[in-house]
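We begin with a single chain expressed as structure tokens, specifically the form predicted on its own.
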């Protein structure tokens, strides 16, 4: 079988973790599977690189910012290949996004994948190598280095799976899979073993860190089954595909601390990157726009979202959620649909409130 695996930055944050993953990759290879590995930048490398740029300029050139942050994944592919080859010399080969022919549009910092040529990966596989690919990055139609936005390595892994017609895509991080909420906040959060694309897309777009929403959208469009697992143990916790019927009314409670907000005039909407807007609505005699956090200068915003089926049908429970949050938080906006109810805040939410809210639904 041909398997594409992706390892997140927290999984690669120390030499010991990289060595552990390298050993397990070789064990999987020895079991008979052909492997292509996609890696993110190690630890908080991308954030550190962005911080350096914003220390020099409040509005750095996006082309140069892509050139800078793409360094992180190039470091990771080299280190992972070195670790594998120290155990089995010559087995691994590292590639940047441009080397595998991952072609994107020209939208720096948030590029979309147009195609993956993949000739060098295919040759590497035919020669019985393990290809180690830099996630998150590609090359534009104008031959410029581009990056795919937050969580772009997930999208790289799904796109490579489709381009190679691989059998499976496995996404590994520091949690085993998707839970009813972040287990780092609520230790007794329940593991969700199966999800369909639509529900996973709502969970991801609400800010869950296990999978990036663009990767889920890509997987849905191309019908790529995804498994999520724990990087240190290899345990597979959640499977996402089109064949799964979600039986539970409430699926997950998602806390997002990577948002920004601003009070705007209607005309200001058109000067903003539309793809980054999460919410635009009138609230208490003004217009509020909530977007993905882009810079250190943004007014930070937070959200707590319950995702499920037919959310609107239990207004009393949603009211309890709102009132629980309102006791200790400054609510600036809300959003309700058939699949989710979101409460947006101008200040961080304490863990006790998240735990109480989680207990309302699970």
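Positions refer to the first chain, counted from 1. Just so it is clear, the structure is predicted and the values come from calculations on it, not from any experiment.
The following text describes the form predicted in complex with a small molecule, which does not appear among the structures shown.
- None of 131, 161, 153, 104 but one reaches within 4.5 angstroms of the small molecule in the model of the complex through a heavy atom, and that residue is 153.
- 41 is the sole member of 41, 301, 306, 36 with a non-hydrogen atom within 4.5 Å of the small molecule in the model of the complex.
- In short, of 215-223, 81-89, 123-131, 145-153 it is 145-153 that has heavy atoms within 4.5 Å of the small molecule in the model of the complex.
- Here the marked residues 46, 73 and 136 all reach the small molecule in the model of the complex, each with a heavy atom within 4.5 angstroms.
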